[in-house]
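Next up is one chain by itself, shown in structure tokens, the form predicted alone.
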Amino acid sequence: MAEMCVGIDLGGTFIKFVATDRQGNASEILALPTPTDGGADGLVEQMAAGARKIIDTAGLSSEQVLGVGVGSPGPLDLKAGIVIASPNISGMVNVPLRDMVSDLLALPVALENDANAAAYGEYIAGAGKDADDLVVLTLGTGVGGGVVIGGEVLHGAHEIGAELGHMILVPDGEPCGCGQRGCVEQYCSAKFMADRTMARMTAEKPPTALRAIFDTKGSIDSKDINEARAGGDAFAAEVWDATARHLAMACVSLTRIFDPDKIVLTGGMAKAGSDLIDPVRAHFADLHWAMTEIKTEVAIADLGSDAGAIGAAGVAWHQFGS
């Protein structure tokens, strides 16, 4: 009788591994560096080595492992199990990742988009475990997204659904790397908040404590902005609040489309906790329509960076455990 599934979260810097049971109870997370040479073969060998190690550490035989889930950046061809491209990981172009990992481990493998896997992790074991319908926004260098409806991950007709960071938030707004203008990513991500702040500091020369940080480091980040805001810096407070309001606007639109039980914020910027969620909730209440009471909760994620591996294992349970 199979007792566990293994989850693998493929990142540009680290690969994370976990084993979970049917209820989502997880082993300790194992992290191994993502190889920078050796191409796809070297990467898959590292993934297989980590999976074997997590299986051994959990005291399992291969017969007790029902399957493996892999969360990978994309775009992906999920039906064929292929990574079409992964710009942040060398050698990952048209790679049949699902079958390569399966062949090395002699186990069935399920492939999922990494943002979807993280959303599913929060759904089964994190902030969304009491929700039927869940939307997750990942706030980091960009804005990723995942949607779980009635226990099923939303992929869309062309397997590119839930690209929530590329909803158009500001018509004819800032140009985005995707080719559109005014995307959520350009107004709600940690990187672009910092980039806009530095641009304004150069153009407007406002009085701000951020200037000394910039002069020392040569850059600023979202943590610097929040700390300056907390210290009474009016310019930093304005920037932070504008980002929170744009994020609330995105959450209102997601509520109109999906009517989820919860919208969960994760990623580096979500580490600010109440400093982020409180103003987002306040703007969400202000922007929400008046026809019905607010029923969707906006919350901070529980699992943090472990959500992807746990969710990948959950995807394996969902595919192979029925």
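All residue numbers are counted from 1 along the displayed sequence. Owing to the predicted nature of the structure, the values given are computational and were not obtained by experimental measurement.
Just so you know, the form predicted together with another copy of the chain exists too; it's not on screen, but the next bit is about it.
Novice: Using a 4.5 Å heavy atom cut-off, state whether Lys129 contacts another copy of the chain in the predicted bound form.
Specialist: No, Lys129 sits far enough from another copy of the chain in the predicted bound form that none of its heavy atoms falls within 4.5 Å.
Novice: In the predicted bound form, is there a heavy atom of another copy of the chain that lies within 4.5 Å of any heavy atom of Thr296, even though the partner is absent here?
Specialist: Looking in the predicted bound form, residue contacts with another copy of the chain include Thr296, since a heavy atom lies within 4.5 Å.
Novice: Check whether His288 has any heavy atom within 4.5 Å of a heavy atom of another copy of the chain in the predicted bound form, and answer yes or no.
Specialist: Although another copy of the chain is absent here, His288 would touch it in the predicted bound form, with heavy atoms inside 4.5 Å.
Novice: Can Asp172 be called a contact residue for another copy of the chain in the predicted bound form at 4.5 Å between heavy atoms?
Specialist: Close contact exists here: in the predicted bound form, Asp172 approaches another copy of the chain to within 4.5 Å, heavy atoms only.
Novice: Going by heavy atom distances of 4.5 angstroms or less, which of Gln64, Thr36, Gln46, Ser253 would be at the interface with another copy of the chain in the predicted bound form?
Specialist: Selected residue: Ser253.
Novice: If the cut-off is 4.5 angstroms on heavy atoms, which of these, Arg196, Lys223, His155, Arg211, is the one near another copy of the chain in the predicted bound form?
Specialist: Going through each option in turn, the one that passes is His155.
Novice: Tell me which of 120-128, 211-219, 162-170, 224-232 has residues with heavy atoms within 4.5 angstroms of another copy of the chain in the predicted bound form?
Specialist: Comparing against another copy of the chain in the predicted bound form, the contact stretch is 162-170.
Novice: For the stretch 28-51, return the residues whose heavy atoms include at least one within 4.5 Å of another copy of the chain in the predicted bound form, in the order they occur.
Specialist: Read in sequence order, no residue approaches another copy of the chain (within 4.5 Å, in the predicted bound form).
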